[in-house]
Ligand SMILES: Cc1cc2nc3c(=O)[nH]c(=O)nc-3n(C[C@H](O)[C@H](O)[C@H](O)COP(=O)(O)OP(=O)(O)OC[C@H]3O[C@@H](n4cnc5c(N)ncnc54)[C@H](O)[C@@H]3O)c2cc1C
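Below you'll find only one chain, the form predicted alone, shown as structure tokens.
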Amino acid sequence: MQYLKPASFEEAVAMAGEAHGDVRFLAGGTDLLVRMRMGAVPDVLIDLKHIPGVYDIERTENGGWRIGVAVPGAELTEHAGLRADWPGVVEAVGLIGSTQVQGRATPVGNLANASPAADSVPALIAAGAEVEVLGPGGRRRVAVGDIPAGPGRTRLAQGEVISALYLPPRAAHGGDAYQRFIPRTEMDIAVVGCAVSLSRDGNVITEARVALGAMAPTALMVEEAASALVGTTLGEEALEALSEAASAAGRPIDDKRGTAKFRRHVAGVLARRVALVAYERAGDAK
């Protein structure tokens, strides 16, 4: 294995373009190192951790957030500003692995690993998050939901690397939340994950985004579930419509953690619970 340590993302892209074989980028490394211990050692490992800015959490000019690719979950969960603006994103990131893993695992790595059950991805999709991608063709912004292509696969072109994560400004009366169901109490993979982000005008929901994990080959945004919320005060009729839309979404599978039928049921239950939390948080927002 060839180990490379670029001083900039531009240099990292150039290194990837010149490399041959399996090329991997290292930021947190919690998924990559597991694969390497199982024998899947890449031909070229490009370490991003020494590039300036990869550990930064910054306010953007429009009031949103820029998060460096090497910022670990432990730092995000302790960041007061992020917790205030995007509590659902923070609680999702806080579910990735153990306390020890939290010191290394990053939301960008969680996204690039492309697991359908990744916890942070539905929350980021519901939040409307984007990533900055740098490659041979230049720099571009991509919605988080457009990165995964299937289990273990992304839509990044050869030589492209994610160089930052962006969260939009929080609406004045907005709130988000994330919950998952797992077989054990801790450190397990989500059978279903659900995220809801919404905005209110008084008691009426004016905007909503609903995303599910582990219900399809990639995390997905469920437009029908969001439509069930908009224009309502989140009464029982809206909650029932939301639950039905979430249960009907995606293409869940049968596996050792749950059947497709069970996943559909859990998706509906979680959607109700998560929407209620997001709605309450939106009422508390300034």
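The structure presented is a predicted model; accordingly, all values stated were derived computationally and were not measured. Sequential numbering from 1, following the sequence displayed.
Absent from the display: the form predicted in complex with this ligand. The rest refers to it.
With this ligand left out of view, the stretch that reaches within 4.5 Å of it through heavy atoms in the model of the complex is, among 198 to 206, 114 to 122, 76 to 84, 168 to 176, 114 to 122. Each of L26, V69 and V161 comes within 4.5 Å of this ligand in the model of the complex, counting any heavy atom. Not displayed here, this ligand is approached by T30 to within 4.5 Å at the level of heavy atoms in the model of the complex.
Shown alone here, V90 lies farther than 4.5 Å from this ligand in the model of the complex, counting heavy atoms only. Using a 4.5 angstroms limit between non-hydrogen atoms, P148 is distant from this ligand in the model of the complex. Residue contact check for V34: one or more of its heavy atoms lie within 4.5 Å of this ligand in the model of the complex. A single residue from the set V191, V108, V144, A211 has any heavy atom within 4.5 angstroms of this ligand in the model of the complex; that residue is V108. Along 70 to 102, a non-hydrogen atom within 4.5 Å of this ligand in the model of the complex is carried by L95, I96, G97, V101, in order along the sequence.
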